[in-house]
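First, one chain by itself: the form predicted on its own, in structure tokens.
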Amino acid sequence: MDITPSSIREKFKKLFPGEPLSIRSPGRINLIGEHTDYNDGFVMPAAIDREIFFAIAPAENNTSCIHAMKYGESFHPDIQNPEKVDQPLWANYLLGVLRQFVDGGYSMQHFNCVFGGNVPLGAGLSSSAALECGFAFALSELNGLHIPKQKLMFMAQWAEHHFAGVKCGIMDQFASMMGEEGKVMLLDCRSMEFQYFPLALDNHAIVLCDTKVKHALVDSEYNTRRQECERGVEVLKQHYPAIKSLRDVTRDMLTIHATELTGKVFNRCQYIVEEIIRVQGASKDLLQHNLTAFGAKMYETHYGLSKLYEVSCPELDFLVEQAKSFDAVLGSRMMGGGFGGCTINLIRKDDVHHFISALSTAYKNAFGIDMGVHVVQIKDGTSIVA
């Protein structure tokens, strides 16, 4: 069943009285700049046309209710003292947001809410950020608080850290909240300064190839990579006290002190330092409308993620290697936290159908899995549905 703002509203009216406010909150892609956000680096995300929709209205009694359309489950949160729960797990993303409103001293009325959407789970499109951001925006609008989006996205990130247990950077929530149709963003994750510029794809398309796998390592290894980066900073800070994060580290610093960066720490730091440089170069490529140079950097990023940062997997590596055999593909890489999810591919529009058909067949033969495909458009960030 296709989940749309209309279907969410219809479900709301079957369950609850009142005329709901409708909110949409998108997933995101990241063109380049993976795992750099929590290292104070640069990222280049965009909001897309895969979204989570909310219908929300004041409750007539002193009880709040949230209904998850995907699971057919309802949950009654304690809006005075929201705490983590063992079940249902989806509720924790929303309870973390509620916790931020309570701790921030915001006055909230009881509410009824239905949500659902079409952001694929486990595909690296940040369905969790879309859920958190959309709910935070909905609570703000419902209660007439009009909290700035820049503050809401940090409240959503806090929920991810403390109630979902993933120490993500700010990129996912930023892109979901702040996206603009037809534009990508270059975000400085240290200063939070950003700029929009049009993505002139011309005769190219953005195609996501979904491995349909999510290896169990993803959450624990994400946190481990963050710790390894922090360890690299600790070592280098002994020689360069001004260093605050890997954003401040150069290739020469890494080379000079390579023997002190033991285990996998050197490789992790090398990837991040090089990726930060790559993103800055990629932004210049886009400003110069040089998609060929941009695509080459996407391939470089995947190599680093696979061999140095080690967050890829056989399925992702296979799809990128297959993409290299197509002249129509300018660039391909894994996207997201890793260990599954999607590759993002920049492809000539005329060759999209052939590319999808050939890769689907090859992937099925190699892994016995039907590859998912998402041809995505760049859309606005979290907003009210007119």
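In this text, residue numbers run from 1 along the sequence as written. This one's a predicted model, so the numbers in the text were calculated from it and none came from an experiment.
Another form, the form predicted in complex with a small molecule, is not on view; read the next lines as being about it.
Think of it this way: in the predicted bound form, the small molecule has a heavy atom of just one of 236, 95, 186, 170 within 4.5 Å, and the residue is 170.
For the residues 106, 222, 303, 194, the 4.5 Å heavy atom test against the small molecule in the predicted bound form is passed only by 222. Using a 4.5 angstroms heavy atom cutoff to the small molecule in the predicted bound form, all of 34, 37 and 337 count as contacting. The partner is not drawn, yet in the predicted bound form one stretch among 96 to 104, 68 to 76, 161 to 169, 292 to 300 has residues with heavy atoms inside 4.5 Å of the small molecule: 161 to 169.
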